[in-house]
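Have a look below at one chain only, the form predicted alone, in structure tokens format.
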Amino acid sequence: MIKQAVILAAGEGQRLRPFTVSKPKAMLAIAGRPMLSYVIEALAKNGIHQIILVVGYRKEQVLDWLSLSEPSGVEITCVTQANQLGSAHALAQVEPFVNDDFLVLPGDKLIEAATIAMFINDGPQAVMAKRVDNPGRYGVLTTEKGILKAITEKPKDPPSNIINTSVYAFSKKVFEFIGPELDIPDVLNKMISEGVVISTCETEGVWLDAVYPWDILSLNSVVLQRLGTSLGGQVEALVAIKGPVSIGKGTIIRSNSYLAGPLVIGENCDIGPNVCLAAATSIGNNVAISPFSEITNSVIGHDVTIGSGCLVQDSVIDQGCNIRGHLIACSGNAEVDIGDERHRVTVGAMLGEGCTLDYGVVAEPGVILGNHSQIQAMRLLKGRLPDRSLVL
């Protein structure tokens, strides 16, 4: 059985901007925890306690989190990929630290313990595969009787709906094939061409990717479905709680508020009175939400202040935002441009970190507001606004 794993957590995730401008994709918070934490937990639950973590882009965010959270039961060695040239280039950095057969996992996917439980015993060389509805986003596998024949990256006409999850089982032999290759799929195709047999193991477990900003909401919802009730804070009289709700220590839920799970509220928050938080919502630490605000199916980061009378639906509000009050961010159908791609989605607002919104701002569905932007009162937000926008 494999006892060592490499987690690749050096990448940015450009299509997730503005949320990845100041942090790597692996540090995006899902249900109050970085995605990376779920990967580490999945390994530990499967008896893999020796972890080599490859960091690079905004690595100080990962290192700070590790120093504060100290994931229990695992021994983590951090290796820096100074230039993020690709997954194979990242893997090459760990060769001196690998002892025997090992797993490789992405640090920026949502992976649960059951997802990799069978794969651990598959042995090298192997690729974990999964069937998805949108294979054109990923590397698509061509297989024959459980043997990998080729990987085609993001094909316009996918040969199958079986994709590469970027979870691998390798022996040290893989390092012989990296050479000038920058990405692991190219290394695998090279190995196949030279006669190396690579098996595939298909999983039906949880493996989810956040490619675009609104994907954060769907991942958050999946994690919250597994949430249990934990009331660690203070709940005043006449607060209604329905379904699984987790409340962190030091948090106060003031009277006449309504909490509908699945819902997670972090530590040292001040909620209400007369606030409605509905499924599936995550509230970070040190968040203040004033009376008569309603938040549904949204992700609110740490250190956010939400004033009175706000309506927030299907939205992501990153850490450090200050919303003075009466924000309207309703969900609706929107066409959103990400690079040269256009997407039709049902979503509310995506607000980057450190933004200040004065009273009475209305955000059209699909708006993406860059980090540290300032919006004056009674303004209408639409489209995509860059970091440090000033709307007067």
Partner chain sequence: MCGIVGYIGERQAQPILLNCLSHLEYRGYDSCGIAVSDGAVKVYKDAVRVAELKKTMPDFDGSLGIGHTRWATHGEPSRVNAHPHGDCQNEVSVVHNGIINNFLKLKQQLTSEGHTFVSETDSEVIPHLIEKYYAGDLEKAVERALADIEGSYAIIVMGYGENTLIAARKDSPLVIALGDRENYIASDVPAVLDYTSRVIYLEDGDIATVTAGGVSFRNGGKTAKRSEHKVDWSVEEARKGGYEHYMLKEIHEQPRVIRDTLGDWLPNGEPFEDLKKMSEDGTRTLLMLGCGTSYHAALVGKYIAQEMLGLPVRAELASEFNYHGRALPETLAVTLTQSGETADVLMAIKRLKDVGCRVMAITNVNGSSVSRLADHTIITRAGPEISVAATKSFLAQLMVLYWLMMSCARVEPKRQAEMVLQLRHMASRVTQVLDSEAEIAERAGYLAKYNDVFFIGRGINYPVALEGALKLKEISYVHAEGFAAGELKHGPFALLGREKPVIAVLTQDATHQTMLTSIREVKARGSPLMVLASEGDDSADSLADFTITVPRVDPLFSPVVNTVTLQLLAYHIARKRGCPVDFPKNLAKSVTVE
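Just so we're clear, the structure is a prediction, and the values are computed from it rather than from any experiment. Numbering follows the first chain given and starts at 1.
What comes next is about the form predicted in complex with its partner chain, which is not displayed.
- Its partner chain is not drawn, but in the model of the complex it has a heavy atom within 4.5 Å of S72.
- With a 4.5 Å cutoff on heavy atoms, Q376 does not count as touching its partner chain in the model of the complex; it lies far away.
- Mapping the unseen interface onto this chain, E294 falls outside it, with no heavy atom inside 4.5 Å of its partner chain in the model of the complex.
- At the 4.5 Å threshold, heavy atoms of T77 reach its partner chain in the model of the complex.
- Residues with any non-hydrogen atom within 4.5 angstroms of its partner chain in the model of the complex fall in just one of 27-35, 343-351, 330-338, 54-62: 54-62.
- In terms of contact with its partner chain in the model of the complex, the residue from I198, V287, A129, A280 that brings a heavy atom within 4.5 Å is V287.
- Contact annotation: of the candidates G123, P155, G243, G250, the single residue with a non-hydrogen atom within 4.5 angstroms of its partner chain in the model of the complex is G250.
- Each of S67, R324 and H372 places at least one heavy atom within 4.5 Å of its partner chain in the model of the complex.
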